[in-house]
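What follows is one chain in structure tokens, specifically the form predicted alone.
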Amino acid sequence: MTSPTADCRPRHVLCVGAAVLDTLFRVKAIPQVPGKVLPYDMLQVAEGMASSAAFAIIRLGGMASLWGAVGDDQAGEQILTELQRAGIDVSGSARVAGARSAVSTILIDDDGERLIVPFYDPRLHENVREVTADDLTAFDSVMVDVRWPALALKVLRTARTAGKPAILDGDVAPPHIIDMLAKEADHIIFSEPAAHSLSQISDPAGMVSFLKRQYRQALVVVTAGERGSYWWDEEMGTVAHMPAFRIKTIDTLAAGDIFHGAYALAISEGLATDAAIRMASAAAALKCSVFGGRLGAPDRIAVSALLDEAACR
């Protein structure tokens, strides 16, 4: 899979938002009643929406920087150390005195579904840095999530003014937060639950049509898991659909984040919308075949192989 850009330098994406220390437990089934459940595997990994997207970009051959926030505690040190070792530039992330780092406990069952219990200390995001065009000079695009809305808003506005792709991971959050950020983005990738919360529509294609009317300035995408991705095709003036890649699902944790990171890199490289969504869908599918959250993010060779295989069917 070659890039249509004129030069061969790796594209650099700024990711803004969540940095979390996750503890993952594999269980046979998610418990439905109170009691004790015994996992048969576990691991700890530093991730979070923006962090996992940044990792996907690194794995696919791009460069990624993270603007997040952690506490001045052991968990914060572990988060930044792990992400830095993964190749992510975390120099723009904050260590907040007196705050606790974000942590999550996650159960993942044998069907790949998960139950997530996250904790975010509101003190992590009380202070918000200024963002100027000069701050974004090194980046080819920005991708923000909904976990640090005040900073995300500044980054989106500055990026659009500077003419850089401004991409929003529109995941579940209070509707007024998603709406505020969506108005400032020019690419919005909604999760199906978030799209439903804004539209009150059950059909993904109907969600896209509704949300495109709300955010006319943006390319609107809705990801719907195994049903694939839906987006507003500007040229055709209608909803387009791409089926999901069929793959045995082991762990869906971070699949959406891998999609967002792959999409941001593809857009930075100049790929057309359908090609960017196809690349992101392949990356997300391959991630689902591996236990370990963002650690399952595939490299460019694996994504290209899946795309080539699908093209030959």
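C-alpha atoms forming the largest set that superposes within 1.5 Å between two forms make up the rigid core. Heads up: residue numbers just count along the shown sequence, starting at 1. Since we're looking at a predicted model, the values are computed, not measured.
Keep in mind that the form predicted together with another copy of the chain is missing from the display, and what follows is about it.
- Residue heavy atoms within 4.5 Å of another copy of the chain in the model of the complex occur in exactly one stretch of 187-195, 223-231, 116-124, 129-137, and that stretch is 116-124.
- When another copy of the chain is considered in the model of the complex, only one residue from L219, A75, M180, A240 comes within 4.5 Å through any heavy atom, namely A75.
- Think of it this way: in the model of the complex, another copy of the chain has a heavy atom of just one of A173, A86, L151, V103 within 4.5 Å, and the residue is V103.
- Looking at G270, you'd find every heavy atom of it more than 4.5 angstroms from another copy of the chain in the model of the complex.
- Taking the partner from the other structure, another copy of the chain in the model of the complex has a heavy atom within 4.5 Å of a heavy atom of Q44.
- A residue is said to contact a partner when one of its heavy atoms sits within 4.5 Å of a partner heavy atom; A205 fails this definition for another copy of the chain in the model of the complex, lying far away.
- At a distance threshold of 4.5 angstroms between non-hydrogen atoms, P39 is in contact with another copy of the chain in the model of the complex.
- Once both forms are overlaid on the rigid core, the distance between the two CA positions of G228 between the shown form and the other one is under 2 angstroms.
- Core-superposed comparison between the shown form and the other one: the Cα of D179 travels less than 2 Å.
- Relative to the superposed rigid core, E113 undergoes a CA displacement of at least 2 Å between the shown form and the other one.
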